[in-house]
Each structure stands twice: as C-alpha cells, then as structure tokens.
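For reference, the chain that follows is the form predicted on its own, supplied as structure tokens.
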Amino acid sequence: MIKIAPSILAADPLNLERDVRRAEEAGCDWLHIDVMDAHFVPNLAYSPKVVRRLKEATSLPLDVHLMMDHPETLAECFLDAGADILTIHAEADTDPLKLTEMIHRAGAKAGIALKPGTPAEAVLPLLGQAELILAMTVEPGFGGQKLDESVVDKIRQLRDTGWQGWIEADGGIKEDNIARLFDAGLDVAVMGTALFREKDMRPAVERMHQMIRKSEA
C-alpha cells in the first residue's frame, strides 16, 4: 500500500502540534517537512529547531526535503535535529556523493529530488547512493498547485530502470490522480492541502487507499 506523507507546509502554523496529531490519528505514515532558503525556491521555511520539536512530538518518521542551493551548509543540523530521511536536489550546487555519505553516516536515509523540468536521466548516476527519489509534481516552493501530468511518465521511467527504492511525489496529489501515480510506480505520496483542509483526515486517507485498492484489482 502506498505511504501517505502529509506536508506540514499546509498545516496551520499556529496549531502545528494539533495538526501533527491529526495526521497520526488518520493513519498517515510519514511527516514531510519542506525546508526552503528563499533562493533555490521563492519561499522560506523551516528551521532545524522546528524539526527537533517535531521529533519530540511525534513517532512518525520525519521526511525532510532540503530545497536549498547549498544543502551541505545545514544538512548536519537537520540530521542532528532528527531527520529520518534527508532529501537534497539534483539541481543544487553541491557534491551529492559527499552529502549522501554524510546522511548515511548519521544513520538516516538519503533522497534525491528532481524538479518537474529535470529529466529522469539526471538522477540515474546517483541511484546507488540513495534510498528515495522524489519527483516533484509541481514547481517547488508553494502548496496548492496543480499536478504536472508529465511527471507521471517520469515516475514510470524511473521505475522502469529497475530501481527498487522508494519513489515519492510531491504536489497536487489528490483522489482523482493518486491511482494513476501508483500505477506508474509511486510508493510515497506527499499531500498538503488535500489532507489538511479536511476536518477529519482519516476518511480522506481511507479514500486514497481505496483508490489504490481499486487500481490493483
């Protein structure tokens, strides 16, 4: 069954702990945390301190996505704060091999993210260094965008390489497209507004799983 990872970017910042509890009670699998430097993407969020507090507040694995030009400057801080998975961008100005080695030394899983316009080929040399590939299905930086349908083919292409690790997608995922993404090879669905806008997340999560079961039938 596909993993559901609610993105706290869509949570209420004044009631973050409450919304994390809602995600737990709904049966979500991971908690997705976008870290933005206001340069690689035109937005700013979240600090290692937020990750540390979330680590204290939840037992859900923390899936931390560094949308940064120079992720090496803060990667160790986020690992120390409790990131269970740390994802960097293939487009970032950094040495991905060096950084994935650091992530693994800290006992965390390493991920490589691709923007919608970056071809799957860009990540192929790094497949042996990561446990997760994140295919952005919207331009990173803001929630509430519509899914870029061309990324569905990219997910299929990544799976067709024989990749056995997690394939994650983030952006515009909802009930009417999650089954299509699953059929293409998706393992982890990052969802923001589609979950946090619901008064009760559990029925929404159950509907997502039902869509997947129908797809498998």
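Treat the numbers as computed from the prediction; the structure is a model and nothing was measured. For every residue, the number given is its place in the sequence shown, counted from 1.
Below: the form predicted together with a small molecule, not depicted.
Test of understanding: in the predicted bound form, would Pro140 fall inside 4.5 Å of the small molecule by heavy atoms? Yes, Pro140 sits close enough to the small molecule in the predicted bound form that at least one of its heavy atoms falls within 4.5 Å.
Any of the heavy atoms of Pro119 lying within 4.5 Å of the small molecule in the predicted bound form? The answer is no: Pro119 has no heavy atom within 4.5 Å of the small molecule.
Is there a heavy atom of Met208 lying 4.5 Å or less from a heavy atom of the small molecule in the predicted bound form? No, Met208 is distant from the partner.
Contact flag, Gln129 vs the small molecule in the predicted bound form, heavy atom cut 4.5 Å: Although the small molecule is absent here, Gln129 would stay clear of it in the predicted bound form, with no heavy atoms inside 4.5 Å.
Among the candidate residues Met191, Ile155, Leu31, Ile178, which is the single one with a non-hydrogen atom no more than 4.5 Å from the small molecule in the predicted bound form? If I apply the 4.5 Å criterion carefully, the residue I get is Met191.
Counting only non-hydrogen atoms, which stretch in 48 to 56, 167 to 175, 180 to 188, 22 to 30 is within 4.5 Å of the small molecule in the predicted bound form? So the stretch in question is 167 to 175.
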